[in-house]
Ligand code: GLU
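One chain comes next, on its own, written out as structure tokens in the form predicted alone.
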């Protein structure tokens, strides 16, 4: 049920690196909460650190969120709002709540710089956090903290407070690494006469072993996952459960967890967010991806696969060989990401459909069968196939099953399929036979027969 109170939220990435899993999850929760309550979701690019911020990371952040289906109601860029910050700095100074301090430069002790410091009255700050409840912090040790390098060069704490007020942000949902920033910001909010927003500090996302996610930002960036063969819808869906008491065991995953954006908005409940850190598990993400791959139409599936193939490496050699519908069906059934499918094609996993492949004598027989019996079965299969007038999957099944009913299924079908594919895992043997034809099927069975004779 929707709240009657209008909720406005924001995500404020700093364009100093690719948008990663943690920021994306925070963006999603802000988006879901605002939309569930009829409010607005804003993106604010915090790019005042001109030395570290890059345009390519600005683009990366926007592309990443849009790829996931997270779209802003308005976009704000801090570097274009310097005049607003300067006005509020001047007001604080004029009212005696901040002052200009001449200090030695940290880079060069012989030089002096003029910074703006907030006049801290060293009070106890208390605020209610949605997840952690009442939080109390003594601001004495913060001292008179710096809020601007100069009157025209504001720092993080001031810009955040001014922007949130200007954008009418009612709820600040962010990572719990920002808890220590909250007291400074509340002091500034009170000094400027703004309204204090509601705070929700999300726990960190950790790896399955309990440690931090990869130190390399690119490893956990959103676009990296998408480029690695994960569907954006699957990634979005998985991110939505991180922090919502997600299932610990992959075996307990339920298809009820598969939800589109509208369903996620309806399902989201900020009061159910967990205190414990959320575990990011690629196996779970793979499970979600598998469910979404299964839902793709034949055309959409082929389009995604083609995009992955062309994007990653030259595929002319593969495209010369027709990637049949049967191969596509097997890829869709067996693999969890499009990158895995790409690797399967690149590693010639389906070459047996186009040419005979090498066979291992030890693998021709099923584990519980002996070579002598396998030789008998293979010879019988050749006889059965030679006598077939029509060579289809159905005719093969009908005639071969008459034989397996007498001697056992596995002892016959394993050497049959392996002789045709040369693979321990492959598409169905009857299907392979129908695709390569009667003559080639008999030829490959005879190859196995000769191997076993030797």
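Numbering follows the first chain given and starts at 1. Small disclaimer: the values here were computed from a predicted structure and weren't measured.
There is also a form predicted together with the named molecule; it is not shown, and the following applies to it.
Only one of 172-180, 89-97, 375-383, 261-269 lies within 4.5 Å of the named molecule in the predicted bound form by heavy atoms, and it is 172-180. By the criterion of a heavy atom within 4.5 Å, residue 71 is excluded from the residues contacting the named molecule in the predicted bound form. Within this chain, residue 434 is remote from the site of the named molecule in the predicted bound form, having no heavy atom within 4.5 Å.
Remark: residue 76 does not count among the residues lining the named molecule in the predicted bound form, judged by a heavy atom distance of 4.5 Å or less. In the predicted bound form, the named molecule sits beyond 4.5 Å of every heavy atom of residue 222.
Screening 156, 292, 194, 307 for any heavy atom within 4.5 Å of the named molecule in the predicted bound form leaves a single hit, 156. Taking a 4.5 Å heavy atom cutoff to the named molecule in the predicted bound form, the one contacting residue in 41-78 is 46.
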